[in-house]
Structures are given as C-alpha cells and as structure tokens.
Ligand SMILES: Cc1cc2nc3c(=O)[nH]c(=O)nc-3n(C[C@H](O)[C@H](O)[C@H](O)COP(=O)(O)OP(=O)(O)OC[C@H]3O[C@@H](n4cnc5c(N)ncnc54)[C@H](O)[C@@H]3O)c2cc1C
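So this first bit is one chain, no partners, the form predicted on its own, shown in structure tokens.
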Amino acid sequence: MVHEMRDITIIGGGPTGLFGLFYAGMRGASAQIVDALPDPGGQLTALYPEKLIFDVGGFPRVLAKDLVKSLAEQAAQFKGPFHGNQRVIGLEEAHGHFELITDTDRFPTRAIVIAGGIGAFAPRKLPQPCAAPWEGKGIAYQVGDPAVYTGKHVVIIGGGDSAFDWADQLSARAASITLVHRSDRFRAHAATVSAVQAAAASGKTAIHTFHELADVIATDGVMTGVELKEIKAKTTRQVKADHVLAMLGFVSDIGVLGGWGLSIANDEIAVNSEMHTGRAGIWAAGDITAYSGKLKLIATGFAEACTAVNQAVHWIYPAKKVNPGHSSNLAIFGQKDD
C-alpha cells in the first residue's frame, strides 16, 4: 500500500514520537508515525506500562500507560495517523521527497524525524538453560499487571533502575521480595537503591549480591522456588519464588538506519544543536540521539522533538519561521495569532 504524501514522517511512536506528532500538527504540518510495535508508547507500553514516572513536567507522578494515553490524546487533535506493525526496511529518495519503505507499505514524505528510542529492542534474556522452559510460566521480563504479584513470593534479578523500581513498588503488595544481582554495584538511581536497602534492613526485602540463578524449583509443574548460586564461594541457597522478574536491560539494534548516510556511533545518531542527522531532510530526537551533554530523559526527548519538528517545517516551508511563538497565542488553538 502506498500512503498519501505527508510533510513529516516520524519513525517511532514512543513519548518523543507522540509529542513530535502533536507538535507537527501545531505547526500546521501534515504528519504521521510509523512504528514496528502495534500500539503507541514504545518501551512505556511494551515493557513497563504500570511503572510510575516522576520526572515529567506537570505530573507529580504518572503511570507510564497513562502518560502514553495523554500524549496520544494530545496528538489526536490534529488527526495525524499512527501506523503500527510497520517495520522499516528501506528508504528511497526521488523527485524531491523521500519514500519510507516497510515490510508491507510505502510512505511518501517530505521530511523525516527519527524518534526510534533505542532502536528495535527486546529484553535481555536470562542466560541459564534452566530459565527458558519457565519463560511465561513463572519467569517474566516485564511487569504487566502488578496485581498478579499480590501475596506472592517474587524474585527480581538485576541491578538497574527497572529491578530496583519494581523491588520498591511491589514490596507493599508481594508476600516477599528477593533482589538478586551478580555484584554489589548497582546502576539504579541512588534514592531507589536506598529505599530498597532500607526495606532489606527492616526485613521486608532480601538482597543477595554476588548471586545468580542456578535452577528453578517446582512442584507438580508449578514454580515454588529458585536455587541461587554464590558466584565467589560457589555455594547455593534456595529461595521461595512464585514469580521471577528478570530485569537485565535490553538488546537493541538500529537496523537499516545504519545505512542511510547518518552520523552514527555506538548505535546512536550524532546530531547537532538543530537535531540534524547529517543528511538533508532527516532529523532525530529522543534516546537514539547523541551529543555532548545528552540526557536520556523523556523530558529531554520532548524538547528535542520540538527542535527537530520546527527545523523540518522551516526546511519544507522556508517562509515559515523556525520559532512558532507561544502556543497560548496561536490561531490554531483559537487564540490571537502573533
């Protein structure tokens, strides 16, 4: 299927892409999102919809799925379509415009904004052979409904933000929380680490450093515990477990973007202060970008999306200013136009 021509096509439907879709509409540009995932939200929807987020402006605390819902509603007022289940496999350029190619469709567009997060991603799997037979039957790599863990014994494997966030958030719900990590160095936010360590000191949570999964213990085909191996001493211990949450990060791949003539290093796109990628007509925003002082935050992605879209609009329509002014004065919202 060949879709209608759009001014801007945004690759990636996470928070940055959704806000970019809104912002393009605000600038009077026709826009659309193309995403390999079936639904908007990127990692927030696919990996941790029930995770609380605390550092987005205007929200003291917000569930990831609720933030996605609000962003989608904000963008929907300009009726820019979201095309899910569209894996980008190529890019052609002819007659003064691009044509983005997916497995099934073609998307003509005048400009492109790449908001692909960390690229195509998948949770990093547990390496132990004992884990694979229990995936989906006790071992999970993301949290869907936290209510599933009410009154259950939960073992969380990992030392990053996701592991500590869920150890903290599930502690009031679960019968027990056991955090397992291969070292005593954690990659999580210091405040969350302190909260989990305080819970461990009070006996509500157990932390086993220098340990890894050794085996799954089951009765009549139902997980009842895990065996943990101490890496240094090679000793083992058994821990009650109804569920194992493996929070080991992600495996990512920017795929075909690497062959588009962009400035790429370490699976990230190097951009300048205008979020330009080095190829005319293509900008980028969000976690996939790299520059000196870069902060990989949702809040940062929002600002980068504004910059990228404004530059793209000016490039397509040189008579339009790069800076549109304040939204409170824009005619598109029924206000007095500057």
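From a predicted model like this one, the values you see are computed outputs, not experimental measurements. Residue numbers run from 1 along the displayed sequence.
This next part talks about the form predicted together with this ligand, which is not shown.
**Q** Go through 22-30, 266-274, 50-58, 307-315 and give me the stretch that gets within 4.5 Å of this ligand in the model of the complex, heavy atoms only.
**A** Of the options given, it is 50-58.
**Q** With the partner left out here, if you bring back this ligand in the model of the complex, are 35, 286 and 298 all within 4.5 Å of it by some heavy atom?
**A** Yes.
**Q** Applying a 4.5 Å heavy atom distance criterion, does residue 87 contact this ligand in the model of the complex?
**A** It does: once this ligand is placed as it appears in the model of the complex, residue 87 has a heavy atom within 4.5 Å of it.
**Q** Give a yes/no on whether residue 118 approaches this ligand to within 4.5 Å in the model of the complex, heavy atoms considered.
**A** Yes, residue 118 is a contact residue.
**Q** Is residue 282 a contact residue for this ligand in the model of the complex, using a 4.5 Å heavy atom cut-off?
**A** Residue 282 lies outside the contact set for this ligand.
**Q** Indicate whether this ligand has at least one heavy atom within 4.5 Å of a heavy atom of residue 163 in the model of the complex.
**A** No - in the model of the complex, heavy atoms of residue 163 and this ligand never come within 4.5 Å of each other.
**Q** Answer with one of 241, 157, 196, 257: the residue that has a non-hydrogen atom within 4.5 Å of this ligand in the model of the complex.
**A** Checking each option against this ligand in the model of the complex, the one that comes within 4.5 Å is 257.
**Q** Counting only heavy atoms, which residues in 12-50 are within 4.5 Å of this ligand in the model of the complex?
**A** 12, 13, 14, 15, 16, 17, 34, 35, 36, 37, 41, 42, 43, 44, 47, 48, in sequence order.
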